[in-house]
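Single chain ahead, written as structure tokens, the form predicted alone.
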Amino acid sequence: MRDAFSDQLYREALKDNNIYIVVADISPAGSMLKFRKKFPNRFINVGVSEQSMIGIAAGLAMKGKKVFTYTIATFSLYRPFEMIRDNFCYQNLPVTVVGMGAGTIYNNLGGTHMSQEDISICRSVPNLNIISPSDPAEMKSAVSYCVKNKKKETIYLRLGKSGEKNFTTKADDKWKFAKIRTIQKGKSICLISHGILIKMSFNISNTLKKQKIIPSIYSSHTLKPFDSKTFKKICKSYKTIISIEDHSEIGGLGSILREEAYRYKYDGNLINFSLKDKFLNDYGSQASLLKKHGISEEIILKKIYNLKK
């Protein structure tokens, strides 16, 4: 996804001289390197100084520039949080805060590099919207939206890292900000996710199809503002709704759906697979850590099969 982000930003910058990016200790590669070489005055690397990254970006935004800040998610959001809240959100500046390698992607570096509660934090801040694209294709659409940013609010753009495949290119619904997107149409069971775990939804779907069970798959790529209208329709259409996310059980998609389901008096099965409210030390694969949190294709399939009994 980071490649899709930098590639789309470079394409947008070729058309718009007002696009700037301020990064913190990130070595540019690929299209980001092309951006730096092509637009040296619009690429600013502050080094290990995330608070300065936010202050510089705020100043540029106040001068009418379209600014992106970019580094690893924990350092993009947590370390300069006060500055994001006061400099961006309090002043309602249209800056995009990009958090790369969000969730448990950097688990091999420990809890200091994992942003398992970033959505929860951002949801509570006024004037701060949240986009978590499900694949590189959605990432490119999200970047184009952030460049335009007609709402003139701060956006937290949550990225994966590298190697993710596209799953949404054949979707009937086009990507639209604050709109839950139908990726695959099915019956009775609904799988809804955001970020890189949409891959898990498709793997589960492929297994269920062998049992002649075809679930619907939705991408809830915008988490704030949330698309309550479409979710209300989902509640009326499915007996079982399963959410899958690489985020804490507190404040993420799972929490949002519980709040919305209560509002609409949903009486079906609402099952959330999220990270536990714990720091679990596992420095192996991301899949290994997710399984410790109770998130794996086998665990989810077992739950679905038990519902069918």
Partner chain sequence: MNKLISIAKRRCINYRVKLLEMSQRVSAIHLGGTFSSTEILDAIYNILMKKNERENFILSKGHCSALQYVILKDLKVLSENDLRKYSKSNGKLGVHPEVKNEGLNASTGSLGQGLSMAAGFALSNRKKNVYVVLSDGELQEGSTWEAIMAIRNLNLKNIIAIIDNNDLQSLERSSILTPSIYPIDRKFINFGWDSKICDGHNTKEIVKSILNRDKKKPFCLVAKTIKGYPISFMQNNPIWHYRSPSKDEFSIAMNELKNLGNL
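Positions refer to the first chain, counted from 1. If you're wondering where the values come from, they're calculated on a predicted model, not measured in any experiment.
The same protein has a further form, the form predicted in complex with its partner chain, not shown here; the description that follows concerns it.
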task = Note which of 26, 58, 241, 32 lies within 4.5 Å of its partner chain in the model of the complex, where distance is taken over heavy atoms; exactly one does.
result = 58
query = Heavy atom within 4.5 Å of its partner chain in the model of the complex: which of 38, 65, 276, 258?
reply = 65
ask   = Where, among 160 to 168, 82 to 90, 137 to 145, 114 to 122, do residues come within 4.5 Å of its partner chain in the model of the complex by heavy atom distance?
value = 82 to 90
ask   = Might residue 44 be said to contact its partner chain in the model of the complex, defining contact as any heavy atom within 4.5 Å?
value = yes
key: residue 245: touches its partner chain in the model of the complex, heavy atom cutoff 4.5 angstroms   = no
query = Contact between residue 52 and its partner chain in the model of the complex at 4.5 Å, heavy atoms?
reply = yes
